[in-house]
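Quick heads-up: it's one chain on its own, the form predicted alone, in structure tokens.
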Amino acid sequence: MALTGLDIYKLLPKTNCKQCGQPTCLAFAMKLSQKQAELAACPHVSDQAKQALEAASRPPIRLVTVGVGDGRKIEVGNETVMCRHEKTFFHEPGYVVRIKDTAGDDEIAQTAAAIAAYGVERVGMDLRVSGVAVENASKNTAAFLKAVDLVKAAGDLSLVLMSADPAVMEAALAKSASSKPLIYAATKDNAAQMAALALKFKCPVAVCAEGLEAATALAEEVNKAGVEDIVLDPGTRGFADSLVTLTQLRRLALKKNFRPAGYPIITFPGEQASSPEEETLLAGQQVAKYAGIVVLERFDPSTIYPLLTLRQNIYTDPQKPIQMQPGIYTIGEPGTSSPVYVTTNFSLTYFSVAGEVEGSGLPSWLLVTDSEGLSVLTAWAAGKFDAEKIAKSAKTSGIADKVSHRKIIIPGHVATLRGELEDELSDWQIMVGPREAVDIPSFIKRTWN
């Protein structure tokens, strides 16, 4: 049973030293009981207390790693809240694409290469598919091993190895265990053998059983065999059952501290989908509620891209907007007669403006002002993007040394700042740009000589 905050407090040193980041030991104990702090933050806790507090300090959902290296490694679990607005979600789910070993060698190699090569940049972040799930659909060991080799040759993709036969799985792990693939899957028929393989090759293993109770019971069985890194597949494949079961698992782990439910979840949104569009919709639902690894049936950039951006949005800390470093940015190769635009340091705003300025075909200077990561209107309303701040940015950035003119373009949404800016920057001509970034190309063609 989970310890209460008072139970934990009794085991702490009670020095109120504040080195844990909390004002008192009691406050720290309450954070521990709510899974919002780690016991390691207390430098004075005794070894005896550490043993007693192990259950209280353990994350409610285990952090499981699939793959190696920094590129495509999937780290899922260790979440502490049901809804991102309560705090944030930490470890974004990994997208992997299923490839069957019954496909031709060329098709396997080409698909894996396309997945490895695909990537998009959005607000300064590189978005990619995490890996490939190789399925032993042929039931043939040689075909499976060849498919795994072809996928591995394509790049640094994380692997999910899918076979119900422990002998086939062992042969594949003997060649690929160094890349730390996910073993899929331990079932009621092969749980002991798959658990032994997970221990032998030091790889995570997925447990698959129909329904919440069966899946958690099987996870407990595999855990008792000594395996810590477990991923759950509760067998749900539709919209309603996925939403209900995945939410119940998350609630059991976080609210009830039910350890057999405290593992990341793997889903297969395409197995019962009637169309690629339906698979994409279900995958989006499962990313929001609460998948850790999402196995897609096909690789199609037109459906992968919206899923990547959805994941990025959900797993961005709502309390910390994505920000650009304030300063001067160059669009193209601007010279002394190039335009100077002003905007805020909210990443989405920056990339929207930068993209349209680049599209205008006129090299320009972009003066990014510190607005604490807020967009133009939000920052203006909050008093974080005003004439004083823009003027200070212009004076301290050195932009005056880079241009021979004295013209500066402010966003149209803050046109009311023009008069104040003329007082602050008396030697500059303040130009009011368009309200929307998309209108920048036509604006600059009309107004810039």
Partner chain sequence: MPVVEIPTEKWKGKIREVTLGGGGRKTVVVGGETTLPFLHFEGEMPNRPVIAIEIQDCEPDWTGRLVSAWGDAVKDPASWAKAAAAAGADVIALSLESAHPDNQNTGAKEAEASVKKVLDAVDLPLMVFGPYVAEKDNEVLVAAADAARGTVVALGSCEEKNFRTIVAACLASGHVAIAKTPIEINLAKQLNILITDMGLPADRILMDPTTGALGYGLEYTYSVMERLRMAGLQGDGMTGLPIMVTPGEEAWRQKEAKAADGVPEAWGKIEDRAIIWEAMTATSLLLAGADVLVMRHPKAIELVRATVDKWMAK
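Positions refer to the first chain, counted from 1. As the structure is a computational prediction, the values presented were derived from the model and not from experiment. For clarity, a rigid core is taken as the largest C-alpha set superposing within 1.5 Å between two forms.
Not pictured, yet referred to below: the form predicted in complex with the partner chain.
Q: Only one of D126, E271, E278, D105 comes within 4.5 Å of the partner chain in the model of the complex by heavy atoms, so just point that one out.
A: Exactly one residue meets the criterion: E278.
Q: Please tell me which of T369, S163, T216, S130 lies within 4.5 Å of the partner chain in the model of the complex, judged by heavy atoms.
A: After the contact test, the surviving option is T216.
Q: Going by a heavy atom distance of 4.5 Å, is Q285 a contact of the partner chain in the model of the complex?
A: Because a heavy atom of Q285 falls inside 4.5 Å of the partner chain in the model of the complex, the answer is yes.
Q: Residue-level question: is F351 within 4.5 Å of the partner chain in the model of the complex, judged on heavy atoms?
A: Result yes; F351 sits at the interface with the partner chain in the model of the complex.
Q: Evaluate V120 for contact with the partner chain in the model of the complex, applying a 4.5 angstroms cut-off between non-hydrogen atoms, and reply yes or no.
A: Output for V120 is yes: heavy atoms within 4.5 Å of the partner chain.
Q: Using a 4.5 Å heavy atom cut-off, state whether P434 contacts the partner chain in the model of the complex.
A: Taking the distances in the model of the complex, the answer for P434 is no, it never comes within 4.5 Å of the partner chain.
Q: Choose one stretch from 130-138, 148-156, 173-181, 314-322: the one whose residues place a heavy atom within 4.5 angstroms of the partner chain in the model of the complex.
A: Result of the contact check: 314-322.
Q: Heavy atom within 4.5 Å of the partner chain in the model of the complex: which residues of 225-240 meet that condition, in order?
A: The stretch 225-240, when checked against the partner chain in the model of the complex, contributes F239, A240 at the 4.5 Å heavy-atom cut-off.
Q: Is the shift of T378 between the shown form and the other one large enough to count as movement, that is, does its C-alpha move by 2 Å or more after the core is superposed?
A: Shift at T378: 2 Å or more after core fit.
Q: Is E358 among the residues whose Cα moves by 2 Å or more between the shown form and the other one after superposition of the rigid core?
A: After core superposition, the C-alpha of E358 moves 2 Å or more between the shown form and the other one.
Q: For T236, does the CA position differ by 2 Å or more between the shown form and the other one when the superposition is done on the rigid core?
A: No, T236 moves less than 2 Å.
Q: How does the CA gap of R72 and F351 change in the model of the complex versus this form, closer or farther, if it moves 3 angstroms or more?
A: Their C-alpha distance grows by at least 3 Å in the model of the complex.
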